[in-house]
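First comes one chain, alone, set out as structure tokens in the form predicted alone.
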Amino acid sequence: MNTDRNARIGKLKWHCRRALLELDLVFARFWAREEADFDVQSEAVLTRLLELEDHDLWDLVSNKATTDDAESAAMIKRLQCI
């Protein structure tokens, strides 16, 4: 149902609000570009990434760190496409 999807996306967007301005900017651009095509699998991967501390997440997004998880790496690439 579309209202369920909207509620899930709204919750994810809320969790994307971070203490680091850099991450807020990345997520604002990400949602503007990706929201229409965001699927359930993407939601799960992004939810896992959002469990990270801000600085750890920023290190991944800014290529200061890497992950061995292929799904997370693919999501990070999507976040980097600014």
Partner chain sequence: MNYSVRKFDAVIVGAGGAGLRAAIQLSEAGMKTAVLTKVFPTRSHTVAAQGGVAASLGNSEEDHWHWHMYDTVKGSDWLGDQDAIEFMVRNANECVIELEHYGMPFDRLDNGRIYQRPFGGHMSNFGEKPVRRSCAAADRTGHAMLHAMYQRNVKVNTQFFVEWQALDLVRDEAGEVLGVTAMDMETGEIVVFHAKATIFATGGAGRIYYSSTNAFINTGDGVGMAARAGIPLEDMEFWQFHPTGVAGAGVLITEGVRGEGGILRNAQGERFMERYAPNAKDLASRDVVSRAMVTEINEGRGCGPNKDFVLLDVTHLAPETILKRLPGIHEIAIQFAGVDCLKEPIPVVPTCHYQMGGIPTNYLGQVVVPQGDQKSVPVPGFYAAGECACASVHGANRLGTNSLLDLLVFGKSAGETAVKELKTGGRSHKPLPAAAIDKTLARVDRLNNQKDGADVHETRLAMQRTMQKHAGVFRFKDMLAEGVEKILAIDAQVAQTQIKDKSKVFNTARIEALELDNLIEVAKATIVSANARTESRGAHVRDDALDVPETPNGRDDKNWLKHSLWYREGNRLDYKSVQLKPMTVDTIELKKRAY
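Because the structure is a prediction, the values reported are computed rather than measured. Numbering follows the first chain given and starts at 1.
This protein has a second form, the form predicted together with its partner chain, left out of what is shown; the following refers to that one.
(message) Checking a candidate spot here: are Trp14, Val26 and Asp56 all in contact with its partner chain in the model of the complex (at least one heavy atom each within 4.5 Å)?
(response) Every residue of the spot touches its partner chain in the model of the complex.
(message) Even though the partner isn't displayed, in the model of the complex is Ser62 close enough to its partner chain, meaning a heavy atom within 4.5 Å?
(response) Judged by the heavy-atom cut-off of 4.5 Å, Ser62 is in contact with its partner chain in the model of the complex.
(request) Please check if Glu51 has a heavy atom lying within 4.5 Å of any heavy atom of its partner chain in the model of the complex. (result) Answer yes; at least one heavy atom of Glu51 falls within 4.5 Å of its partner chain in the model of the complex.
(request) Look up in the model of the complex whether Leu21 has a non-hydrogen atom within 4.5 angstroms of its partner chain, and give yes or no. (result) Residue-level check for Leu21: yes, a contact with its partner chain.
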